[in-house]
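Coming up is one lone chain in structure tokens, specifically the form predicted alone.
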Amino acid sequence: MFGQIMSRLVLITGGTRGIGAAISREFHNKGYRVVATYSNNKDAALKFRTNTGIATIQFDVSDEKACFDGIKHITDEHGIIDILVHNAGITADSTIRKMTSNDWHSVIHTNLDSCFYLTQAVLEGMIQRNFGRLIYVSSVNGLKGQRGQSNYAASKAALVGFAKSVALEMATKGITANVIAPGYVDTEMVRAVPEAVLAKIISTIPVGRLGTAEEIAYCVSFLADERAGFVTGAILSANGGMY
């Protein structure tokens, strides 16, 4: 089993910071071969690579050509990708009355269009091996909505329909497609929220605390496991009972 894991190649988008970094470390620590993508922060990515030994690659997941070129580079360098964890995402919060077209499209391109590009780019290799794990990181706000996040919530909700459809198409090919929907997690971004606002958020979480990035990473690794082949088209909510 361990030898089989060591032969599996995992690609984690947005995999050098926050939840993505925890997911990358989870797979790396379990013996998988891991490649993590990043967008702009080269210094953080270099520090992450130096500290962990995990391979990193920079490309814009919202750009179709960049995605296909990036996947080709990874395949040429490391081999066929067995597990895709689509974690990369951005926010551009605003009420629907004030949201600009650019705010809408930038979030949809980065969070949703990228999912389509990357899935297409990795599928053929998975089909050749009769094995694949497609895991899409959504959000509790994609399931319940959130004021000021119509673009973000729409992009994260769409991942559910996408994953369920891909799951049906790939069901006989050894490939699963699932969604994990985290609640509020203790990351740098969440900790930047004003203290009073953060306290209000925590008060809505039944377990009384933020989640940890490591808890989300464990859930992702479960969905990727060899023994999770009967789990497909599912949503795994990790939100402390919030929704």
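As the structure is a prediction and not an experimental result, all values here were calculated from the model. So that there is no doubt, residue numbering starts at 1 and follows the sequence shown.
What follows is about the form predicted in complex with acetoacetyl-coenzyme A, which we do not show.
Does any part of Gly148 reach within 4.5 Å of acetoacetyl-coenzyme A in the predicted complex? Heavy atoms only, please. Within the cut-off, so yes.
Would you classify Ser139 as touching acetoacetyl-coenzyme A in the predicted complex, given a 4.5 Å non-hydrogen atom cut-off? Looking in the predicted complex, residue contacts with acetoacetyl-coenzyme A include Ser139, since a heavy atom lies within 4.5 Å.
Does Asp93 reach acetoacetyl-coenzyme A in the predicted complex if we count a contact as any heavy atom within 4.5 Å? Although acetoacetyl-coenzyme A is absent here, Asp93 would touch it in the predicted complex, with heavy atoms inside 4.5 Å.
Under a 4.5 Å heavy atom criterion, is Ile205 part of the interface with acetoacetyl-coenzyme A in the predicted complex? No, no contact at 4.5 Å.
For the chain seen here without its partner, which of 40-48, 194-202, 55-63, 211-219 has a heavy atom within 4.5 Å of acetoacetyl-coenzyme A in the predicted complex? This holds for exactly one stretch, 194-202.
In the predicted complex, the one of Phe131, Phe162, Tyr117, Tyr152 near acetoacetyl-coenzyme A [non-hydrogen atom within 4.5 angstroms]: In short, Tyr152.
Residues Gly70, His78 and Ala167 are flagged as a possible site; in the predicted complex, is every one of them within 4.5 Å of acetoacetyl-coenzyme A by some non-hydrogen atom? No, because Gly70, His78 and Ala167 lack any heavy atom that approaches acetoacetyl-coenzyme A to within 4.5 Å in the predicted complex.
Could you pull out the residues of 173-199 that have any heavy atom within 4.5 Å of acetoacetyl-coenzyme A in the predicted complex? Gly183, Tyr184, Met189, Val190, Val193, Pro194, Val197, in sequence order.
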